[in-house]
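A lone chain, given as structure tokens: the form predicted alone.
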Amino acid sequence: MHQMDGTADTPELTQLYADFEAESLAPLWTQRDDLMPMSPSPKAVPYVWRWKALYDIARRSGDLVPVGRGGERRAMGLANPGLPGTAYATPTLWCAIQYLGGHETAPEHRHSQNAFRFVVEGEGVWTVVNGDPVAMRRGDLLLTPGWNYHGHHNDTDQPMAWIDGLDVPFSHYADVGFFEFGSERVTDEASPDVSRSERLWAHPGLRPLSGLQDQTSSPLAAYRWEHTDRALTEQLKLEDEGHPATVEQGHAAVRYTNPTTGGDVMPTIRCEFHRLRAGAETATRHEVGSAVWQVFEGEGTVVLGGTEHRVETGDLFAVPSWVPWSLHADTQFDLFRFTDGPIIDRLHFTRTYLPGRRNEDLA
């Protein structure tokens, strides 16, 4: 009997495979291992980008490439070596370092893709989201959900850089993208300390009666570092006092949430912040879905697929689906992470495996 590997050893079989190709057909039996692997086998690879190198390239780009209409943003995408021909960090996530020089303005536009910004250092830029100026400062998470007009203006004479995260690859593969140009500058060049969205929504446990309808993405444009830092600090204090509060010994973590639903901040992107005490380490995990991490502060080691990488403030790394990862903290180790978790969860593909642990409740 002929083996199901696509090998043609008779004239009839040769003709059959030629007819498959002529009619744009592909038999499953020649590609089952690629289409249905025994476990995820991502083309994306684990990879580390060094902040010092990224910032140097961004600074030089700022000297040589103007920001403005057309290109719109001086943003440099992190291109995973396993996904050649793209600027994708993972098959579903786009991440870039964006750089805005002193007194520069990035014009307004809007797009279907969901976006956020996370600031590892600096201040002085306001992102204007649907006419609401939102200050960007160290440790802040700033949201620009899909189809919201947004632009950025720098009120100082000093440059500023941050990371952008978007669902560009997922949107591209699903063919859902739309784009529109907006104002040549920004619709409100004010620079308030607190945005209007925060004045309405940033009060813990309190919801305005004028906003009782659930929203697909969070209406809160800024998640401030002082609140994130306090939450992580209190988790570790509770652990010290013998109360359950951390996800693992010495590992505090929070998820940013949509105050109208309690769910993720955007329908395609999950954002979290993790803090490890000096000397703490996480269990090794395999997770369906991909992630990008940025070290916010401190030094430590990330093990990706069995390979150790020392990382420090600003460094970024990609974790493709099902690639085992773990963290070890040399100092207090603060890390921001974003993932495609909302997509994976909604499609019921969620699965986590911890080698050597009971995993019945995780799969």
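So that there is no doubt, residue numbering starts at 1 and follows the sequence shown. Note that the coordinates shown come from a computational prediction; the quantities given were computed from them, not determined experimentally.
Separately, the form predicted in complex with a further copy of the same chain exists; it is not shown, and the next lines address it.
Peer 1: Heavy atoms within 4.5 Å of a further copy of the same chain in the predicted complex: which of the stretches 121 to 129, 155 to 163, 275 to 283, 202 to 210 has them?
Peer 2: It is the stretch 202 to 210.
Peer 1: So, in the predicted complex, is T144 in contact with a further copy of the same chain at a 4.5 angstroms heavy atom limit?
Peer 2: So T144 does not count as contacting a further copy of the same chain.
Peer 1: Mark G298 yes when one of its heavy atoms lies within 4.5 Å of a heavy atom of a further copy of the same chain in the predicted complex, and no otherwise.
Peer 2: No, no contact at 4.5 Å.
Peer 1: Is there a heavy atom of K237 no more than 4.5 Å from a heavy atom of a further copy of the same chain in the predicted complex?
Peer 2: Output for K237 is yes: heavy atoms within 4.5 Å of a further copy of the same chain.
Peer 1: In the predicted complex, does G77 come within 4.5 Å of a further copy of the same chain, counting heavy atoms only?
Peer 2: Contact with a further copy of the same chain, yes.
Peer 1: Within 174 to 201, which residues have a heavy atom closer than or equal to 4.5 Å from a further copy of the same chain in the predicted complex?
Peer 2: A174, D175, V176, G177, F178, F179, E180, F181, R196, R199, L200 sit within 4.5 Å of the partner.
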